[in-house]
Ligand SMILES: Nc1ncnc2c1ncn2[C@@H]1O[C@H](COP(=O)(O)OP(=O)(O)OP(=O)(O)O)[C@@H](O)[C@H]1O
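This document starts with one chain, in the form predicted on its own, laid out as structure tokens.
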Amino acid sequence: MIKSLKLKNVGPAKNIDITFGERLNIITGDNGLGKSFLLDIIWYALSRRWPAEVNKKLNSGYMAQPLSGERGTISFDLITDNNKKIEDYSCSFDRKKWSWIGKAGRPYNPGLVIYAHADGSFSVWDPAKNYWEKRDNVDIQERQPAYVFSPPEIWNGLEDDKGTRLCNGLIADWAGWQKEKGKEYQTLCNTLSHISPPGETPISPGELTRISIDDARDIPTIKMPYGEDIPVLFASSGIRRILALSYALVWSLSEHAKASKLLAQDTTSRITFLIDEVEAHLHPKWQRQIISSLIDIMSNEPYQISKTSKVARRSPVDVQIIAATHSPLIMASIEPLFEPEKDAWFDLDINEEHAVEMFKRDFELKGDAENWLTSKAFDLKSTRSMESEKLIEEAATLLDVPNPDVKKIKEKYDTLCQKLSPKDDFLFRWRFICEKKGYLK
């Protein structure tokens, strides 16, 4: 779990100093101001490797670089899996080595870290599989540094540089889990059902199928509300996003539990979940509940991983979510669950000096998505089209002078009636004022 992050001369913002909430953190801001970049930095702080450094197939997650001619530093505080507080760990950029240099040795153990990238890539850092050990005070680093999936690899499987199979992928694992009817399959079914919008037919697996006489794979299907079973490969972008997200969660926890059992060690007590553009490809009805569903899902029993001690018991897992979003529906949806004591909202914006700055905003209830659009999160003047917004500004300006041109007011009124809904609030108020002053009869 990450507690705080400080950046100096790294990325769009010259300086960033933020303290994260222990449960939910939301990051907003315009395109190009550094939301995805910030998530990459957080992943690096927790795993000490850049996603694209681990998997060259990625088109994102590259190593951060300091501003030209400046000395860049990345500093952070975190809480480790064994509840140890690590404060003010710092690394700086060595231009000659073209690398970030920090304290020598293995990274600290922050618990399980899962990163859902906006493009469909996934990165997983597992303390049971990626956290190397010391022998006679010497680092032993043969283990895989992290599991980083390109979009095709989350579906078809992941191999290391030597061809060793690291993950079977969604298609093969889902089919195998479904045939076995074991714990993973039940957890996947529960996750898919829970993440589906309330009142809608939940996502549920159909029968395994073949999609070609030349493809020997058993392909999972999902039941559609119109009565058909659709192969997951033919699903829409939004459904595929949900399927991949659910699979990545179930696979990460399953693999961690199995590895911990082989090592005869306790499973993690902490999970950090990074998700970029959480609303990507999702219909508004899915956007309205995705955050609350993820919080609920990861608080449910299958995600509260058992300990390996002789006394059987459940151990609560602390889950920290850090999500970037462009969606006013996401912001409106978290109003009922936002708790300032353990949640936080951060907004990247342009300050008065025309520089990028990270603001920690007070989370105020806006009531609906329309009000969030005109809040500091999105900075729109109105929720209308640009043409309608300009038309309304022109109509309002006509009434700002002492003796307005009545002919122009009538012409503007005709245009407003053509372009705006008859029930439009502005049109109603503007017409009332004009009629009251005798400009319209």
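Each residue number is its position in the shown sequence, starting from 1. None of the values given here were measured: they were computed from a predicted structure.
The same protein has a further form, the form predicted in complex with the ligand, not shown here; the description that follows concerns it.
Asker: Heavy atom within 4.5 Å of the ligand in the model of the complex: which of L33, V54, L398, L373 fits that? Just give me the one.
Answerer: Partner contact (heavy atom, 4.5 Å) among the options: L33.
Asker: The ligand isn't shown here, but in the model of the complex which of N59, S382, Q65, T415 has a heavy atom within 4.5 Å of it?
Answerer: By the 4.5 Å criterion, the partner-contacting residue is Q65.
Asker: Can F37 be called a contact residue for the ligand in the model of the complex at 4.5 Å between heavy atoms?
Answerer: The answer is yes: F37 has a heavy atom within 4.5 Å of the ligand.
Asker: Decide whether E277 counts as a contact residue for the ligand in the model of the complex under a heavy atom distance cut-off of 4.5 Å.
Answerer: Answer yes; at least one heavy atom of E277 falls within 4.5 Å of the ligand in the model of the complex.
Asker: With the partner left out of view, is P12 within 4.5 angstroms of the ligand in the model of the complex by any non-hydrogen atom?
Answerer: P12: contacts the ligand in the model of the complex.
Asker: Please check if H326 has a heavy atom lying within 4.5 Å of any heavy atom of the ligand in the model of the complex.
Answerer: H326: yes, in contact with the ligand in the model of the complex.
Asker: Go through 25-33, 374-382, 389-397, 405-413 and give me the stretch that gets within 4.5 Å of the ligand in the model of the complex, heavy atoms only.
Answerer: Among the candidates, contact is made by 25-33.
Asker: Pick out the residues of 353-370 whose heavy atoms come within 4.5 Å of the ligand in the model of the complex.
Answerer: Going through 353-370 in order - heavy atoms within 4.5 Å of the ligand in the model of the complex - there are no hits.
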